[in-house]
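One chain comes next, on its own, written out as structure tokens in the form predicted alone.
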């Protein structure tokens, strides 16, 4: 029987979790019935969510135990407030005790919740610190980005801290979101209503081509699951033999080379052209498999 396709972009956080993990394996921590709502939103008489916009819990994927957090972009744009951030930080700290095969962060957030500015900023910094602590303990942290809010602001930084970043073309990753850039620099510099421009600058294909995403998949929850299983297989085979300093130095060298190579490019189209894609204008129409095949061929050509 053919499994029904689930659009990761359109799905809610709970639907994504259900489609990603092994059937019946998910146990939620701090579920909605506990009503752990934001005290700040309540004071402002703003709507609250009984899970404060994030689902956290444990499950298995491909038979391996994982801890996971899934942000709900439809609640305040997945923004991080005090309770929301504490749930993610607590999950990461639990990983140090439970030692799962990985921690999965299903990121769908515009960053800090403006209603809770200081508390949200502190929460983001605590999440960053916890991600680094989990990685230092030898547990990989995997980010999945494919929702309508993308991964921006503090959660964009958290995403780039992760060992693996799995994106769809519909996913977006950056520091400042399109609306913020337009507000600060003006519509002449960046028109946030130009969806084609937005995806050429922040979308999954550009991030994969630049090496910021480690995998590009189709907008299908089963494709995200398959990519996660692949990450778990690689992590179980052992981390790179190089020590952490050598890895950081190699990453820094790649960043410097990228900055020099793409110094004059302004968006994805110019990056496709500079990278050597045979038909840059057609890249947005390529499936994830076709894009990955062309990118792999270009990398092989450079290394030969």
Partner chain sequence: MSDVTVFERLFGAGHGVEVRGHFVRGNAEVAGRPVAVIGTWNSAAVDGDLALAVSGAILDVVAEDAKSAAEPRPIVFIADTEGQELSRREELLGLNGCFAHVARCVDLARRRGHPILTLIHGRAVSGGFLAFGMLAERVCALPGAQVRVMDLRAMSRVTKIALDRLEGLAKESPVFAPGADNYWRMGAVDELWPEGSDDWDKRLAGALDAALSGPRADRRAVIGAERGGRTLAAKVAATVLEA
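Positions refer to the first chain, counted from 1. All figures in this text were calculated on a predicted structure; none of them were measured in a lab.
Not pictured, yet referred to below: the form predicted in complex with the partner chain.
**Q** Between the options 74, 234, 99, 160, which residue brings a heavy atom to within 4.5 Å of the partner chain in the model of the complex?
**A** Only one option qualifies, and that one is 160.
**Q** Identify which of 86, 209, 227, 141 has a heavy atom within 4.5 Å of the partner chain in the model of the complex; exactly one of them does.
**A** It is 86.
**Q** May I ask you to check whether residue 53 falls inside a 4.5 Å heavy atom distance of the partner chain in the model of the complex?
**A** No - in the model of the complex, heavy atoms of residue 53 and the partner chain never come within 4.5 Å of each other.
**Q** How about residue 65 - does it come within 4.5 Å of the partner chain in the model of the complex, if we only consider non-hydrogen atoms?
**A** Residue 65 lies outside the contact set for the partner chain.
**Q** Should residue 258 be classed as touching the partner chain in the model of the complex when contacts are defined as heavy atoms within 4.5 Å?
**A** Within the cut-off, so yes.
**Q** Residue 244 versus the partner chain, in the model of the complex: is there a non-hydrogen atom within 4.5 Å?
**A** Answer yes; at least one heavy atom of residue 244 falls within 4.5 Å of the partner chain in the model of the complex.
**Q** Heavy atoms, 4.5 Å, the partner chain in the model of the complex: which of 213 to 221, 101 to 109, 142 to 150, 199 to 207 makes the cut? Say which one.
**A** Of the options given, it is 199 to 207.
**Q** For 87 to 105: residues with a non-hydrogen atom within 4.5 angstroms of the partner chain in the model of the complex?
**A** Heavy-atom contacts to the partner chain in the model of the complex: 87, 89, 90, 91, 93, 94, 97.
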